[in-house]
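Just one chain follows, in the form predicted alone, and it is written as structure tokens.
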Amino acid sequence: MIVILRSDIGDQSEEYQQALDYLSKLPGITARAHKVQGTQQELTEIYLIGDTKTLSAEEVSAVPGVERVIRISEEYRILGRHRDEQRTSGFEYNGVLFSQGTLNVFAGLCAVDTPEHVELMLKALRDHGQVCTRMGAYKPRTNPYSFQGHGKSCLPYVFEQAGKYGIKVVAMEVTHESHVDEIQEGLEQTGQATGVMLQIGTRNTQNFELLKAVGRQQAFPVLLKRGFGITLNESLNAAEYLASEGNSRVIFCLRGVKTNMGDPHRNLVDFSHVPVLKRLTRMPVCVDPSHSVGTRERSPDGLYDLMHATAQGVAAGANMVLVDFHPAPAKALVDGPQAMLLSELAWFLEDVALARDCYEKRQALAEAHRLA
């Protein structure tokens, strides 16, 4: 059960304390209070954990300060829809809105290699009106002898250059909770020049201690990638780990699943799950075509497989695209063969806009048939 307090009640008010005291004393129930920052206002949601079937929703609704009560109807307690469309959906971070109705493109370096390449990438994004990017400082690799990323040493110049070129959000993978502190320190050193979206990679989707640690921090939103060898349900429960610790600003990323059934692509593209995720949860949905396809192969129509996969995800309603670009892919230290060229950025963005236009027209058509 989820108890939502009125938006005008602060955590120092008498009504807030009365409501929390009452709910905490319910037999067999643990009450956890969480602040939820929506696009319009901040709300307090209190999650009642335990056997809530015998609780009277009417009695709980009558507690001073309570706006409404939601009985949980899905397994995903915090991030699920629960047949209540009034709950806050989406969030704003550093001036950028993320929701199930928006679309943001995060093009950038899979792994930071040189300051020169970082600047060339960020300048190209600025010149094409983009305010988001991906920049990998910490890179978990299958081979222990492969490049593992520059780590915290590259953070100051990445953040400085992001600020210089007007980049508001940098998606950056973390593999240990200490990386969160290093990112925070790097931002402080550069005067909070930009914002960071923490990324949990596919290998860490079931690293539960990392999920808990990242969920406890409130400074940064989180991009969670689907685990490449587990079910969608298991990956969604990983997202719940983040939310259960207090951070519900989560975006779920589809990046393909590991199976030879996807050959010759790197992974089996799973972008048909975009509408499934939007139906089951309130999370914005991201697609990562670079790690799904893994090559720069073109089809006879002149389009890259990667662009076809991107269009499939966007036309299905994706809210974010995470894609690899590089000024010199042959010199890239990670995933160069799948990176697109800076000279192709305008083409890629225009193609994404066409796919988005297609989705919006499909939406309008569906609405017209619903009202008919």
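A quick note: this is a predicted structure, and the numbers were derived from the prediction, not measured. Note that residue numbering begins at 1 and tracks the sequence as displayed.
Not on display, but discussed next: the form predicted in complex with phosphoenolpyruvate.
Three-residue candidate spot 34, 77 and 244; no residue lies within 4.5 angstroms of phosphoenolpyruvate in the model of the complex by any non-hydrogen atom. Here is the short version: of 139, 179, 249, 273, the single residue with a heavy atom within 4.5 Å of phosphoenolpyruvate in the model of the complex is 139. Shown without its partner, this chain lists 203, 123, 298, 152 as candidates; in the model of the complex, only 203 has a non-hydrogen atom within 4.5 angstroms of phosphoenolpyruvate. Phosphoenolpyruvate in the model of the complex comes within 4.5 Å of no heavy atom belonging to residue 222.
Interface residue remark: residue 199 is counted as part of the site for phosphoenolpyruvate in the model of the complex, having a heavy atom within 4.5 Å. Within this chain, residue 110 lines the site of phosphoenolpyruvate in the model of the complex, having a heavy atom no more than 4.5 Å away. Of the heavy atoms in residue 322, some are within 4.5 Å of phosphoenolpyruvate in the model of the complex. From the list 115 to 123, 157 to 165, 288 to 296, 96 to 104, the contact stretch for phosphoenolpyruvate in the model of the complex under a 4.5 Å heavy atom rule is 288 to 296. In the model of the complex, just one residue of 166 to 196 lies within 4.5 Å of phosphoenolpyruvate by at least one heavy atom: 173.
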